[in-house]
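Okay, so here's just one chain, in structure tokens, the form predicted on its own.
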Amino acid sequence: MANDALALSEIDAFYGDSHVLHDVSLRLGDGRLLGLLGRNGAGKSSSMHVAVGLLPPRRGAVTVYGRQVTGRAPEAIAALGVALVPQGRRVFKSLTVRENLAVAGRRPRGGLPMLWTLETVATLFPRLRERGKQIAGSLSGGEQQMLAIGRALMSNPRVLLMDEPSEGLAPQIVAEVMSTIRRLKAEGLSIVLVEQNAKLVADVADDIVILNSGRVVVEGSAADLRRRGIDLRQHLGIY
């Protein structure tokens, strides 16, 4: 639908001969946060790779604000306003913090305001301002996660995909990252939050999709799933 910021429809995807996504459909509403849950190997990251063009699907369609992008190159999808914060951060470790941010800078299309600059990212993450000249590889894990988020924001996206942003972080840093996600959502950014932690997602998501073995097993609004008494942890094997 045109009011979906991002939609994957009936996606089948493979890595070589390995069938990793089976008829996966999900929709991210404009200005909403979709929580994508699942255990290791469930297909969460594969779905994000399909969304940004890193994994072309063999069947199905990907749309960004109603525009068909299936099979397009990652840079073409990024130019439409889709940014990925990858699992494992993947910052440019030999570059400084400032260089990591500057290299990702992009003006938004369609005359939209340029919300994210070196200054506004530094305001969001004051520690990045303090460490602007520091080599990224010397940052702590939490600081590298902040840098990965800031780098994605520098492209001034309309859709932000976040793949396991809490992975390997201390609880205090996780709380800071989640506070940032809430702020970005409040400012109207459309977000997919990929996580294994059901509680983190349940506290912030508008809508939830759970994958298991590359298939959608639960989907709906967070409020509706609560009303129906669906225990997200059960579907994730957490008791």
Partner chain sequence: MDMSLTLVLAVNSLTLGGLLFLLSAGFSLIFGLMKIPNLTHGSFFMLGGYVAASLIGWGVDFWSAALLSGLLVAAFGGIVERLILRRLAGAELAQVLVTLGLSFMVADVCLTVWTGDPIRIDTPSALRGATSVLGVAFPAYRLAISVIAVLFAAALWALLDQTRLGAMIRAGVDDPAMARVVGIRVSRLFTLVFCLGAWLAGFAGVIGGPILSVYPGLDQEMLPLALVVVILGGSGSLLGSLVGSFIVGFLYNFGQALFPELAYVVLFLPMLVVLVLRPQGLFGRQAG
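The model shown is predicted, which means the values in this text are computed figures rather than measured ones. Numbering follows the first chain given and starts at 1.
What comes next is about the form predicted in complex with the partner chain, which is not displayed.
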{"query": "Touches the partner chain in the predicted complex: residue 119 (any heavy atom, 4.5 Å)", "finding": "no"}
{"query": "4.5 Å heavy atom contact, residue 84 to the partner chain in the predicted complex", "finding": "yes"}
{"query": "Residue contact check: residue 140 to the partner chain in the predicted complex, 4.5 Å heavy atom", "finding": "no"}
{"query": "is_contact(residue 73, the partner chain) in the predicted complex, heavy atom dist at most 4.5 Å", "finding": "yes"}
{"query": "Partner-proximal stretch of 46-54, 182-190, 23-31, 202-210 relative to the partner chain in the predicted complex, 4.5 angstroms, heavy atom", "finding": "46-54"}
{"query": "Answer option from 124, 95, 115, 80, heavy atom within 4.5 Å of the partner chain in the predicted complex", "finding": "95"}
{"query": "Whether 219, 222 and 226 all lie within 4.5 angstroms of the partner chain in the predicted complex by heavy atom", "finding": "no"}
{"query": "Partner contacts in the predicted complex for 151-176 (non-hydrogen atom within 4.5 angstroms of the partner chain)", "finding": "151"}
